[in-house]
Each structure stands twice: as C-alpha cells, then as structure tokens.
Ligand SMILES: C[S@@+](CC[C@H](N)C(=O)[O-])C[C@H]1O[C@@H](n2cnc3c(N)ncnc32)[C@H](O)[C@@H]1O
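Below you will find one chain, with nothing else, as structure tokens; this is the form predicted on its own, and questions on how it binds or moves follow later.
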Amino acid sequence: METETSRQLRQAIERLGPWFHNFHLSEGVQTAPEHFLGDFPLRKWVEIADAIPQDLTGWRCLDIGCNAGFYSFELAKRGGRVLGIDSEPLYLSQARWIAGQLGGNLRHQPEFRQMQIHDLARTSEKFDLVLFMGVFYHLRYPTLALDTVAEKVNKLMVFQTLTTEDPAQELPNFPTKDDYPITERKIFNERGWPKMAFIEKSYSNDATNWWVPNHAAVEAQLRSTGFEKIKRITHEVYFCEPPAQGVRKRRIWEEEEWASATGESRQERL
C-alpha cells in the first residue's frame, strides 16, 4: 500500500516532469524508472566514478548541461563545490527540487544557473574539474564551444559525446600526416580518418542532434584545442588534462576567429 510520503513524491515528480535523469528517492520512488537508456545516468556514472578522485575537497567543479543534476550531486557528495549549468529552466527546477530531497547527503549544495555553454566565454571563472558530457553533439557550433570550455579547465575535463561507431565495431584511427597536397582528396575517405557526420533534420527524435564525430575526430579535436593528456576511459568517454600553463600553450591555430566569435578582446588575451 502506498504511503503518504511516496504519494507526495510521485505527485511532485509528475508535476515537474518529464524527467531525463532517474533518481532513486525514499520508499523506492524513482523519477524516471522506465528510461529508454535503463537506469540513466547511474549506468554511465558507474563506468567513470572510480577514475574521478574520491575526495574533491577544495575542488571547484562545473557540470555543463547538468539537466536535473545527477552528476552535480555525485560530485558534491565527494566534497566538490559544484556549479551546474543548463539552458532549460525545467531541468533546473528539477535539480533544485532534488537538492531538497537529498538534504544532508551533500557536503555542499550545488549551485544551478540557467546558461548557454557559450556564456562561459564571458565569465572569468575557472574550474578544477569540468564535466562536458552528453552536450557536444547537441551544439550547432561544437568546436567553438570546446575551445571555450577548455579555457576553463585547471586540472581535468571529463568529455563524452555520441559517436558514429558502435562499441563493438570501432575503427582504428587512420595515421594522418602533418600535411597533404590539395590534390590528394581520396585520403578523406580512408577508414578511420577523423570525420563528423552532420544531421540536417533529426536523429533519435531530437532535432537538437547536429554533429556526430567518430572517435578519431574526437581525439583530434581534443588535441587541437590544447589538451596535453587524453585518455579514453570507456566507450565515448575521455579524460583530458591541460598543460600546467593552460591549453593556449599547445594551440597551433590563430585565435583571432575564436576571440571574435566569443567577444574576447585582444587585451584580455595578453
């Protein structure tokens, strides 16, 4: 028989729905028990949790596209001071409600802000740990966003994106040269060459799915934006560390276009 507490929880969950993050609350109540990805994002978290420091005391953390805040709360449980950002007000309402349910299980309550990822270019904040998971392929301007986010990483970025490759059928990266003549076009069709598939209309009933890279393209872009150490932890998840002086020390491209797109002045880059 359902208790009054569980009934109230279910009513609140329904009022705040639909949910993409499944939380296990008291009395066996869940926010999205019929999720098409299973117990998500818990099933994704267990793949990476052991690789993230267990004690995040003193760490400033950023959760990009935080949704209802599952990852934000997990980092807060480890002592991190977390900022979760999302452009969707509904998800942030869900996150704030979940914060009230978790209460004393958190060492620090996460802060949640309504922000677009490109808004990060207009803040001076930096973070020891950045979660950039499940967002890249939803972006119309993904590499611009990646370059902006990389500027904010002090210690570690956890990057995850949908890719074109099934985990059982991954292609080895094609060994690219430093340069090719303009007459050599067939090279782009080699198996394992870095590629991004563009979705004009919709994918998985979601019109915000725009770009889907292969693994070679993911790694190439992470290197290009300036990360020094890149390690794939599991399928589609990469741990990326910047140089001690920051990613700009390893960038080989002219930054004027990026600066113009983000509104950063020349003086700020000096």
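Predicted model only: the values in this text are computed from it and were never measured. Don't overthink the numbering: it's just position in the shown sequence, from 1.
What comes next is about the form predicted in complex with the named molecule, which is not displayed.
>> Test of understanding: in the predicted bound form, would Phe40 fall inside 4.5 Å of the named molecule by heavy atoms?
In response: Because a heavy atom of Phe40 falls inside 4.5 Å of the named molecule in the predicted bound form, the answer is yes.
> So in the predicted bound form, does Glu74 come within 4.5 Å of the named molecule, heavy atom to heavy atom?
Replying inline: So Glu74 does not count as contacting the named molecule.
> Just to confirm, Phe20 within 4.5 Å of the named molecule in the predicted bound form by heavy atoms?
Replying inline: The answer is yes: Phe20 has a heavy atom within 4.5 Å of the named molecule.
> Given that the partner is absent here, does Glu88 sit within 4.5 Å of the named molecule in the predicted bound form, heavy atoms only?
Replying inline: Residue-level check for Glu88: yes, a contact with the named molecule.
>> When the named molecule is placed as it is in the predicted bound form, are Leu129, Val153 and Tyr238 each within 4.5 Å of it, taking any non-hydrogen atom of the residue?
In response: Verified in the predicted bound form; spot residues all out of contact, no.
>> By the heavy atom within 4.5 Å rule, which residue out of Leu83, Ile117, Ile98, Leu146 makes contact with the named molecule in the predicted bound form?
In response: It is Ile117.
> Given that the named molecule is left out here, which of Leu56, Val29, Ala217, Ile64 has a heavy atom within 4.5 Å of it in the predicted bound form?
Replying inline: Partner contact (heavy atom, 4.5 Å) among the options: Ile64.
> Out of 133-141, 169-177, 186-194, 75-83, where are the residues with a heavy atom within 4.5 Å of the named molecule in the predicted bound form?
Replying inline: In short, 133-141.
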